[in-house]
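Only one chain is shown below, in structure tokens, and it's the form predicted alone.
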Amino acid sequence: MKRILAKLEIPILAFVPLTLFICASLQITQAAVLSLLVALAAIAVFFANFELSKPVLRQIIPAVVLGALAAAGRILFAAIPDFKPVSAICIVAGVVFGRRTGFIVGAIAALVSNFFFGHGPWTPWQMYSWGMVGYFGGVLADRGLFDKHPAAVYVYGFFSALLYGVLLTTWHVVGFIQPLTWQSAILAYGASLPFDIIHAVATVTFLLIIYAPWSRKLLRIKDKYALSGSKQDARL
């Protein structure tokens, strides 16, 4: 079962945005429900895969702690729209502990913080989108990009925040704008762009503050307690 779920990881991640494209192309009226189910399935695969790996407590703690810190940071900066440290913390988690931990941290952050902000159909999409920010951070780190080009992590932080915004806006456009036209879609993306840019600037700002010191400390903890990281993720 573990190997099956591991093989499903990339296809189901890709199928989430593909579902949005199919719904938009075919003008499916139940797009919001259908895409929500696919996003939930992607999240379920990750958590099931993590559970089947039977992690010991010391492997669970980093994901839980970083997810809680990201949620707390989102709540702490609630007064400033979209200026949040969540994406930056997800990226650090993915870089240090691997793509799966990065995804789980993003999902936990969205789920926990929405007990404060309010749950709704947007929660799974926030879980998926922030999860993808951490996931791709882990993938790029595993490819050695951030070691070869240290500034790349900040570039990725900026564009990953924009990716988060695009995913959320696309879900809104496809699921709730009827009739869906190019004009209505452009208006929706244009309205979200200023907030997405604030999120992107915030992510870079928080990365400049936390990335180097947190990475050093977390790497020491990972080495000391033999915790899993990106290279192990790649073999699963």
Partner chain sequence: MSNMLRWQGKNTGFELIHPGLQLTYFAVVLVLTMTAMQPVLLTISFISALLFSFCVRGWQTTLKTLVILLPLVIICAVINPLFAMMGSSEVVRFGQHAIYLESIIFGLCMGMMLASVILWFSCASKILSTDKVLAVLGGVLPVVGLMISMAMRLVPQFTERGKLIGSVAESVTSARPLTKRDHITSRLRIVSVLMGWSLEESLQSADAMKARGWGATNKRTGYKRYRFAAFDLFASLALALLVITCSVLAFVACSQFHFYPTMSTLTLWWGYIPYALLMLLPLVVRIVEDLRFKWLGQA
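Quick caveat: nothing in here was measured; it's all calculated off a predicted structure. Residue numbers count along the first chain shown, from 1.
One more form of this protein, predicted in complex with the partner chain, exists but is not displayed; see below.
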item: Site check Ala14, Phe158 and Leu168: each within 4.5 Å of the partner chain in the predicted bound form by heavy atom; value: no
item: The partner chain contact in the predicted bound form: Val112, any heavy atom under 4.5 Å; value: yes
item: In the predicted bound form, Val95 touching the partner chain (heavy atom, 4.5 Å); value: no
item: Non-hydrogen atom contact Leu57 with the partner chain in the predicted bound form at 4.5 angstroms; value: yes
item: In the predicted bound form, Gly120 touching the partner chain (heavy atom, 4.5 Å); value: yes
item: Heavy atom within 4.5 Å of the partner chain in the predicted bound form - the one residue of Ala68, Ile28, Leu193, Ala41 that qualifies; value: Ala68
item: Answer range among 129-137, 143-151, 159-167, 74-82 for contact with the partner chain, defined in the predicted bound form as heavy atoms within 4.5 Å; value: 74-82
item: Those residues of 7-41 which, in the predicted bound form, come within 4.5 Å of the partner chain by heavy atom; value: Gln30, Ala32, Val33, Leu36
